[in-house]
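Listed next as structure tokens is one chain, alone, in the form predicted on its own.
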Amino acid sequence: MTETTKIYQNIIGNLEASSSSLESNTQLFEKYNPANKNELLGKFPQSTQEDLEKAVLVAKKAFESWRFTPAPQRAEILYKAAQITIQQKQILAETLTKETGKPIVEALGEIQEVIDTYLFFAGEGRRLYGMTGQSELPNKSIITIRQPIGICGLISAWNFPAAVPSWKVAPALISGNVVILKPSREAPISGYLLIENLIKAGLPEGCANLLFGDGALGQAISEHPEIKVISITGSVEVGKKVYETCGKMLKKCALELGGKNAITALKDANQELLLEGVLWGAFGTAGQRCTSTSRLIIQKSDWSNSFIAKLAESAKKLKVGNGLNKGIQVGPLISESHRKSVHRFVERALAEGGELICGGNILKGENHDQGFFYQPTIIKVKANSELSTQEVFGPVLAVIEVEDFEEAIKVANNTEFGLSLSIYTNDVNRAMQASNQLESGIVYINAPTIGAECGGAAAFGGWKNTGNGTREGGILALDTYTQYKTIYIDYSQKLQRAQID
């Protein structure tokens, strides 16, 4: 550690708070740049139960006033946070690239997503609609309204360390809740800066808190009786444990877990459009998106083999390197252990009889030795193989050939996940049939499996083991962070007995 290496602190009650674990430096964890493993970005405390109790106490106090702050006033803070983020967009993106490795152009896009998310949910501060209904009795009205729930424990992922926390924080705050965010150990700085900017925007003391830590802290957050809502983006294994805990405690719980997404290409697809879509979907963010295109299901045709060859040649030309460098299209994997995991998937696929089309190796050499780089890889496999059904979370594309539309749909649905599926075709009837038959929370037509937007109808979430039916983004996200209250108003000036009178 150099003298300039920053030791980050938790944020509790709008102030940096030294963790009780810092009595011993052995409780600090380090974060290095995945594109340059010798570049130490910072040190962070492993928060304790004592730290969590302090954050809960402060958040609980803040909730008592924040919940009654008019929603349009809460919105003003999100608007201001968006402006601060706009002013800092470049530096926030560079920080994000350093801690995740993603190319700067992608990092800038992620920061724009934070801005858009703030602006969208700030707009909801003028809505937060409820419902009115007709009573069966005269001179009586029925109104159902949304109200906040309390402290929300937000557990985020490393692959989108700014955007994903904003998906959770913005709807929680606009609804009148308070939050405790635990960013991933693999990308802790972006979450810290997000909370810091909300405080700069005028968020009252204790409404947004941040604790650094590992999975043990995440479990402690999910088990805490004063934390009423849990939202987690992570693995299926961890999500199931959190869901079980929340179920026993009757807490609201939102899960965004894994994906095994596919592009289906029918024989009438626009080949140039398909080529661009597969390259971006499979290798953007080095395949480290829950929505990354992990499979290409291609109908056999007179052009399918030549297309696969062309795809391989294009993949070989992708520029892999440090995301801060000009022209880089694919950054590193997040860590050495994750790169080893990805490579083991490739080795097993080849051992099972998969045909290597391109890639398949750890990148080495002057421009790659300092980071966790991996070749963009394409392997032709059978529909029931591990590579065609299990999430890899890396720049590895499984190609599966099918005979017809019906087989393509069957193969696309042949996985435990159901996040994002896509079909390329010029047949509008087939496109609409696919949108109805594909088993996923998101379906794209003539576009890759990545590209979620911010907007009222743009709900993000999946089916099957991808989650528990909750949604992030759009107005449906408010369902996680609000509870309904139905109010009956009787102005008849007499006792009226429902279902009797």
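Note that the structure is a prediction, hence the values are computed from the model and not measured. So that there is no doubt, residue numbering starts at 1 and follows the sequence shown.
The protein also exists as the form predicted together with a small molecule; that form is not presented, and the subsequent description refers to it.
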| property | result |
| --- | --- |
| Contacting member of V443, L28, V56, A452, with respect to the small molecule in the model of the complex [4.5 Å, heavy atom] | A452 |
| Interface residue in the model of the complex among N209, T291, S184, S231, criterion: non-hydrogen atom within 4.5 angstroms of the small molecule | T291 |
| S190: touches the small molecule in the model of the complex, heavy atom cutoff 4.5 angstroms | no |
| Contact flag, C152 vs the small molecule in the model of the complex, heavy atom cut 4.5 Å | no |
| The small molecule contact in the model of the complex: Y374, any heavy atom under 4.5 Å | no |
| The small molecule contact at V164 in the model of the complex, heavy atom, 4.5 Å | yes |
| Which of 353-361, 154-162, 406-414, 322-330 lines the interface with the small molecule in the model of the complex (heavy atom within 4.5 Å) | 154-162 |
